[in-house]
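Below you will find one chain, with nothing else, as structure tokens; this is the form predicted on its own, and questions on how it binds or moves follow later.
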């Protein structure tokens, strides 16, 4: 599980291009949007694509996405639950 969280942190930094942030700066329960990492709706769309690409998990429902994208920990749980 920790490996998955680390991979998610690296994906956020490298592919969503978060600058000036290291994986250690991203706490597992830190909000991804708003006052946390400050991601926005365009980042959410990109994150949906990245989750599909890297993990084969599709997030097609907005309500599911809202729950999954609250934090790294929740996203990791969602991926583990939905991987084939």
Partner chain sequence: MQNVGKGLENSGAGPGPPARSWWQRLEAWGHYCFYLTLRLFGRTGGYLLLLPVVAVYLLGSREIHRRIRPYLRRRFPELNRWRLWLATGKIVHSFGRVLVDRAWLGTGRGRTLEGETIGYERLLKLVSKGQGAVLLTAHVGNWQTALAHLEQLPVPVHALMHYDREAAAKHYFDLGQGRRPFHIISTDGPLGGMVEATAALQRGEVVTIMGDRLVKGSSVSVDFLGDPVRLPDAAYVLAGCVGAPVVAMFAAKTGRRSYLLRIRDIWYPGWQEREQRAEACRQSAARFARNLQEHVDEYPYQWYNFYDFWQQ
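This is a predicted model, so every value here is computed, not measured. Positions refer to the first chain, counted from 1.
What follows is about the form predicted together with the partner chain, which we do not show.
- Contact annotation for residue 25: none of its heavy atoms lies within 4.5 Å of the partner chain in the predicted bound form.
- The partner chain is not drawn, but in the predicted bound form it has no heavy atom within 4.5 Å of residue 73.
- Interface residue remark: residue 37 is not counted as part of the site for the partner chain in the predicted bound form, having no heavy atom within 4.5 Å.
- Shown alone here, residue 21 lies farther than 4.5 Å from the partner chain in the predicted bound form, counting heavy atoms only.
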